[in-house]
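Below sits a lone chain in structure tokens, taken as the form predicted on its own.
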């Protein structure tokens, strides 16, 4: 049953990570095109640094830093009288009350916290790629449309939300579609983050086992378990392609783009 539940873990990760990563991306892209120099540096720095670090290194080390950062902030707030160093060589020691989660917390809270860190890490990494896509999409919207909106009396903020943002999705969707596919293929990295996902259980249950896991020990069935994962990922990506194609057709309807022109010719 844990193997079957792990499929739900992957789907929940995607359902939460996709909008959160898109929010990170939109914030990063908006900051990168800001007229305020520090904010523009922050946005472009976020895009450049995160995209420049290999994903595997980010997932292996950033989660540890994120966990220690949360615990250190709690340590400063809860244990201000702590007089011992927090960093002791390679060890990171905070007061027991600042641990996340607490040592006496039920196991389910440890799993939820680990999943939360995984979602946040995925969102930050893929948010940087989404920011790059959205930044390019914002620049692809013709400047003349923004000037026309401003000529009609719209403020820069109104022109941004009423003209730029609604039209940029047409240019952003192809890149976001590719990013969604990459995100699907990156879900096995949950195994590196300590989350028991489908890859973990396929390896555990597929190998030769004693009755610890099942009453009917079998040989090495990992090939069949991973074949099931192959079918799952291929079916899920195919379903995603169909849904994204329909979204793209809806967004480009009536737009002055190549896809919109193709729709007009087909209708004629």
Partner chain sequence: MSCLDTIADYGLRSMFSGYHQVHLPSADRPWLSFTIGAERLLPRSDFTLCQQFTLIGSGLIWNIYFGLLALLSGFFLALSLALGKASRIWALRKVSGGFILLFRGSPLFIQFFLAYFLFRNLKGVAPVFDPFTSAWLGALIVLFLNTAAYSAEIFHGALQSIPKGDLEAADAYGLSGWSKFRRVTFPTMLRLAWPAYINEAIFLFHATTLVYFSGFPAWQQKGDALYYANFFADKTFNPFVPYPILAGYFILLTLAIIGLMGLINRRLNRHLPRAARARLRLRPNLIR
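Computed from a predicted structure; not experimentally measured. Residue numbers count along the first chain shown, from 1.
Below, we refer to the form predicted together with the partner chain, which is not included among the displayed structures.
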Interface segment, criterion being heavy atoms within 4.5 Å of the partner chain in the predicted complex, picked from 74-82, 163-171, 186-194, 146-154: 186-194
Check, residue by residue, if 15, 39 and 246 all come within 4.5 Å of the partner chain in the predicted complex, counting heavy atoms only. no
Can you tell me whether residue 44 touches the partner chain? I mean in the predicted complex, with a 4.5 angstroms heavy atom cut-off. yes
Residue-level question: is residue 57 within 4.5 Å of the partner chain in the predicted complex, judged on heavy atoms? yes
With heavy atoms only and a cut-off of 4.5 Å, decide whether residue 65 touches the partner chain in the predicted complex. yes
Residue-level question: is residue 178 within 4.5 Å of the partner chain in the predicted complex, judged on heavy atoms? yes
Under the 4.5 Å heavy atom criterion, name the residues of 39-53 that approach the partner chain in the predicted complex, in sequence order. 44, 48, 49, 51, 52, 53
